[in-house]
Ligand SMILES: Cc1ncc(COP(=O)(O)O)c(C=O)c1O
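The form predicted on its own is given below as one chain in structure tokens.
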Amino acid sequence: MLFRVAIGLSSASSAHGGNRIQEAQRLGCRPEQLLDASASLVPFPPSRPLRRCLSRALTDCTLRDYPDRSHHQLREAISHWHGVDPAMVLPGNGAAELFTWVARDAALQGVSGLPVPGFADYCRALRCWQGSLQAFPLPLSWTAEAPQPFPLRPAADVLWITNPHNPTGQLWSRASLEPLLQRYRLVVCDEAFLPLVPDGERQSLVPMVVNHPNLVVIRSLTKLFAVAGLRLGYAIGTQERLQRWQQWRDPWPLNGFAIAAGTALMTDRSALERWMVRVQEWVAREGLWMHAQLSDLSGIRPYPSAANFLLIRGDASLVRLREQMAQRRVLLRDCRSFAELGEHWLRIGLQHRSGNRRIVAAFRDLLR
């Protein structure tokens, strides 16, 4: 069913995940006392290459000098990893900045089709340019099979895809996405979580960009390396499109530390491969364990996920339960900011086994 909506954040659901500092102030505790499962980041400490890089940055000219506006070394490193021309890469101040620029292109192309529930920042970006949008509901029932065929063919000019989908965790197959490139004036594919998914790169649309100028793929290093504070993402698209974005944006959208960190992380291929194996093994192991544990609890139902988060639905409102978990120093993602979801839904970011045990134990106690 097709419907036209004004998708946005209400005051009751202003909630992006990862608000640990604000929640600590509200709860009267220190941020490090909170287990933040509201943000879907890897739970590992910074990698060795990242620590070395940031340490060097404090002693060289990274703070004194203006950042490289061309991001030459970072673009080279990213392009080498993906096997594309450096001119097809544009680093950004997190994926959010890049959504703003692709939304400007989308607004010029016509109506954007947004699968819902979905990430609210797409709507924020489209509103910047008075872009038209239509919401298309995804079925809120799916199996554990991965990858799955993308279920929608929206009647729109632009299609926004998240793979794996946020907040459901569904992994879409490349075979089902590729035909969509012939159907829409512009396809925006957000692959922020894809590097965390076991064998997920097989479903990436990055190899399709060369032959499809109407495709833009956006990635984030935030989730993979847990560097949300550095604000670092990148887009892969045609040279012409990315040069246009470069003319629109601020002169120095990335700070020197983010550029240095991204270059170090993406240049050391063997270290990056080892890190991804570690992350993907953690997602596979903890995702299955957490789903099994939550399935045994009454009053909530976990949904299958290929990503590092699980969506759960309650038989009744989960607003009070979320607050009770917060009082026990466990933060969960309020899903009221996702169109089509509401107070019956929560999202849980996977943690180390000890953290996951803490979450399950709190649920068991509160759902008795």
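Treat the numbers as computed from the prediction; the structure is a model and nothing was measured. All residue numbers refer to positions in the sequence shown, first residue = 1.
Form predicted in complex with the ligand: not shown, discussed below.
Comment: 161-169 is the region of 259-267, 143-151, 204-212, 161-169 lying near the ligand in the model of the complex, near meaning a non-hydrogen atom within 4.5 Å. Looking at residue 122, you'd find a heavy atom of it within 4.5 angstroms of the ligand in the model of the complex. Put simply, residue 225 is far from the ligand in the model of the complex: not one heavy atom of it is within 4.5 Å. Looking at residue 193, you'd find a heavy atom of it within 4.5 angstroms of the ligand in the model of the complex.
Mapping the unseen interface onto this chain, residue 231 counts among the residues with a heavy atom inside 4.5 Å of the ligand in the model of the complex. Think of it this way: in the model of the complex, the ligand has a heavy atom of just one of 156, 197, 95, 90 within 4.5 Å, and the residue is 95.
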